[in-house]
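A single chain, nothing else alongside it, follows as structure tokens in the form predicted alone.
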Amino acid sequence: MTVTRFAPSPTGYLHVGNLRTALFNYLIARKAGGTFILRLDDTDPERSKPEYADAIMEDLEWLGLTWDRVERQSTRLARYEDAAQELRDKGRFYECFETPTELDLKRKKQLNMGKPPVYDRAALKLTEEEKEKLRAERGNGVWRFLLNHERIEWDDGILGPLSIDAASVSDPVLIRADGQFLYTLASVCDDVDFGITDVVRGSDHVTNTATQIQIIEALGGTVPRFAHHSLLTGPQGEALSKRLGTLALRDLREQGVEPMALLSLMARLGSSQPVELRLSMDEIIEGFDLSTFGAAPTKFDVNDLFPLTAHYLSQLPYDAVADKLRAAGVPDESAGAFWNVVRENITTMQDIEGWWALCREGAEPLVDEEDAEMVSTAMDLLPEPPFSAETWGQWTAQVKEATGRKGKGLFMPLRKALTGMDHGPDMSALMPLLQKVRR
């Protein structure tokens, strides 16, 4: 059975980059009828916050990315200690005592000699007496995994066949000097124990994947199928990292972006398939194909979400928005007709309040100087509300006869006078909703 996971750290809010990883793993699981696990990587007690964990779940629920179960790394520390001891027993784990300054000097020396800046494994030569002395002087060391210096190969689900020489990578630190388990060890234990079959994540994890494959094998686990999606950039190819704070999912929600607009974009962005609005999660699942994604950096423009949101809203029947219209103050007896009139003229549901204010209170007339005399005549001919579906046609016919105006020169100034806008819905349909006209 296919088992995937999304593994955010509850140290901040989810952003569009996180969503890409979550969505791909979710879609793979759902398309295969498998299991999708939400794993909270909360081993850092200082930075991990319950409110962020709650926010992550809230954002995923808003998008409809439902999980089958939640796992928390903070409850599995004993398991990670067991795994660490297993690696020690197998001779694949060793303690190191270099200070950050010493490591930096080593890296600079290697670079000056034209060598890759990898850890030189000096700690492997330490005797037990030397280790005891260093612990007394510096405290506990960090624990590194001893890589086998061979080529690590896998067939990546997006990038294709990959091969990394383990000798070009430093033995990864898996436990900090303060005893905190780092992501690499905890993640490998979880993937092994939970039977994870597929892992999709950002291309910045490719080197991590190489080392994790060896750790999985050292612990007797089955290596999942790995795939690494491209990283998002801004619309001009600029790094998104400095702008991610403004691209939090909760901020997009506040701006009125609809979940299906966001999911439709993210499920195709960076693939060979065109971005097309989907109206249901089932449609997105059915159309998802990991093999269509490429390695090139993927441009993301938040402005692309708003036409998709507008298109989505225009497709919704009244029943789907009745509660939101009620919350905006639209009375039930007018709501159905109101929605049919305005749904193709809004970008987000936040625009509803402005349209209902127009119907309820009227708009400040927008009158160009050359139209002032004609509009004045027209307003004298306009009856008082309530209006009917025939009012617009009858009124414009009267104004045409009285002023000689016709076509765009007649209809546009009258629309602007009634709505304060030069575009909008069919005026014959809008007129019966206007409860007040400012003259």
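Start at 1 and count along the sequence shown; that's the residue number. Source: prediction; values computed, not measured.
This next part talks about the form predicted together with a small molecule, which is not shown.
K.L.:
Within 4.5 Å of the small molecule in the model of the complex, do we find a heavy atom from each of T4, T35 and D198?
P.N.:
No, none of the three is in contact.
K.L.:
By the heavy atom within 4.5 Å rule, which residue out of S230, T233, T211, S187 makes contact with the small molecule in the model of the complex?
P.N.:
The option sitting close enough to the partner is S187.
K.L.:
Just give me the single entry in H205, R135, K109, K324 that has a non-hydrogen atom within 4.5 angstroms of the small molecule in the model of the complex.
P.N.:
None of the others qualify; the residue that does is H205.
K.L.:
Should W154 be counted as a contact of the small molecule in the model of the complex, where contact means heavy atoms within 4.5 Å?
P.N.:
Flag for W154 set to no.
K.L.:
Using a 4.5 Å heavy atom cut-off, state whether P432 contacts the small molecule in the model of the complex.
P.N.:
P432: no contact with the small molecule in the model of the complex.
K.L.:
With a cut-off of 4.5 Å between heavy atoms, is R39 one of the residues that contacts the small molecule in the model of the complex?
P.N.:
Residue-level check for R39: yes, a contact with the small molecule.
K.L.:
Answer yes if any heavy atom of Y183 is within 4.5 Å of a heavy atom of the small molecule in the model of the complex; otherwise answer no.
P.N.:
Y183: yes, in contact with the small molecule in the model of the complex.
K.L.:
Pick the stretch from 375-383, 392-400, 39-47, 408-416 whose residues have a heavy atom within 4.5 Å of the small molecule in the model of the complex.
P.N.:
Selected stretch: 39-47.
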